[in-house]
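We give structure tokens for two forms of one protein chain below, kept apart as structure 1 and structure 2.
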Structure 1
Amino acid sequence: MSVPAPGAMRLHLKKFRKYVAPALVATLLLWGASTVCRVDLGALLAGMPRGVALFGHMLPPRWEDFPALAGPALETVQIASVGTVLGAVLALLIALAAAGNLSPHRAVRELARGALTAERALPDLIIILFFVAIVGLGAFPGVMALAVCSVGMLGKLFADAFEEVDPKPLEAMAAVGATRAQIIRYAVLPQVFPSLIANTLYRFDVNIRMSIFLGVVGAGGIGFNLVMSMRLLRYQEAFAAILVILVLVVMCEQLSDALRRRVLGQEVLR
């Protein structure tokens, strides 16, 4: 047995650093996490029959509940759409201040960018709970929360889109004596319109799911019906709510997908 050549030694060391050490760390972390999470395969196995039984209890869904669920379902969609539109309008205004080429001043731009970044860092749950605490229960806090939650992401995407516009038409508008607002209206917005719409529609998809969750904290919509039915162990009711939620999510996604494709499709045609 001889000592390995220095080159081979280095190779071993490199391999250790690259694969073995991270694997060790990951294993340790996983072990720790599973302890904290109280991972219990026994409980999972024991729960399986309960899960099967749950499906038994859920079937058939209570068909007579569907008409009563239509209202909350509609409310969920309304909260999501109104919240998205409010958020998008707010985001548009902030983005105008945050885009380097449109912002009235450097300081304004940094401020707006900072606000957008801060909002994105803030977890949505905190915003939702905050609005529920201020305004109380109902759709209003839900709408406000969704609007604020959307601002950070949409504002950044909008501002980036603004910064990427072709500057030449803006100059042409300035040369005919247009005001800053007119330049934005006639030279900037036409250029970014498809991307604004596509991003807003994408955010609508996100907001539909969040709007379903809003019901849990009492901010209106069908999530409330689902949680209540589950808590009261009325599983057939719950299943009806789940079915409505699934249809809602899929329908909204299809719709926004179709609209997005239409808006962006015009681009591809050119």
Structure 2
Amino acid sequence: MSVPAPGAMRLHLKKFRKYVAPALVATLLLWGASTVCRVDLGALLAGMPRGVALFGHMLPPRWEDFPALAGPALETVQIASVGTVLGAVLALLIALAAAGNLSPHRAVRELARGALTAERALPDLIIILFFVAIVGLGAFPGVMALAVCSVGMLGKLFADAFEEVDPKPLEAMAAVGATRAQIIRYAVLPQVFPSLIANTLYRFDVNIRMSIFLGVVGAGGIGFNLVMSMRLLRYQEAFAAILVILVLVVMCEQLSDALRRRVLGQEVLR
């Protein structure tokens, strides 16, 4: 077995020297954060039997509750659907102002970009609680919260997609006297339509999960049934709600993937 020469080993180690300091800093930061957060694997292992016991209390699920959970599950899908559509429309309008190649003025672009950044900086829970405080409990504050939460992400993605379009069609239409609205309709949107649809469907997947969380703060949907069952120690009812949530998420993901393939496939054929 051949042994590398010392010079060759030193050259090999020099290649990795620049990674040593960042790795040490990252390790120290991770260790410090774990200490502050009181990460205790021993406590986790000690609590595992209690988790197993809790799962045992959930079995078997209350099968007779499944018909009653269909309504809240449908409400969850409706909240996510309406919130996603409203958020996508608002994001599209703001993205047109935030895109550098479409914005009428730099100040308008900076203002739109700033609004999108501010929305993304706000935690989703703050936005949800804000609308619950304004309009009370129910599905409506959930719809508004999901719409606003969708604007920040979709607006940035839409604006970036607008800025990456081929400028030649835009310049050609501007040269023949087309209006800004006509340029956007016939030169911009056809180029970015697949991206807009794909990003909106992805946000719908996110909103399905968020709409379940909305029930925790009283904004309707099947999440409300789940949290109430847990608070009342009705674990079999809670497990039935969990199973419905799993089926709901899987079905919505499959539907979203099918729509994405269909829309993008049609665009490719064109």
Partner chain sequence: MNGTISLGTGRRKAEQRHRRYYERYLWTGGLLVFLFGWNAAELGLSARLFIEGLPHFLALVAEMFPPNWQVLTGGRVWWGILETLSMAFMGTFLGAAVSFVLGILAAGNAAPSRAVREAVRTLMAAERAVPTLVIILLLVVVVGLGPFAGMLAIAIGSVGMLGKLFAEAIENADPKPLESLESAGATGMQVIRYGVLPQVMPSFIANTLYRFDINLRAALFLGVVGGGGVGFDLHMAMSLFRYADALAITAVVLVMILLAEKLSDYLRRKIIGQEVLQ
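We call the rigid core the largest set of C-alpha positions that still match within 1.5 Å between the two forms. All residue numbers here follow the sequence of structure 1, with the first residue given the number 1. None of the values given here were measured: they were computed from a predicted structure.
Colleague: Only one of these is the form predicted in complex with the partner chain, so let me know which.
Modeller: Answer to the question: structure 1 is the form predicted in complex with the partner chain, whereas structure 2 comes from elsewhere.
Colleague: If you line up the core, does G177 shift 2 angstroms or more at its C-alpha between the two structures?
Modeller: Yes.
Colleague: Would you say whether L243 is displaced between the two structures, judging by a C-alpha shift of 2 Å or more on the superposed rigid core?
Modeller: The answer is no; the displacement is under 2 Å.
Colleague: In degrees, what is the turn of the smaller rigid part relative to the larger one between the two structures?
Modeller: 16 degrees is the angle the smaller part turns through.
Colleague: Can you read me the CA shift for G42 between the two structures, rigid core superposed, in Å?
Modeller: On core superposition, this C-alpha lies 6.6 Å from its counterpart.
Colleague: Aligning on the rigid core, what is the distance the CA of G51 moves between the two structures, in angstrom?
Modeller: Comparing the two forms, G51 shifts 2.3 Å at C-alpha.
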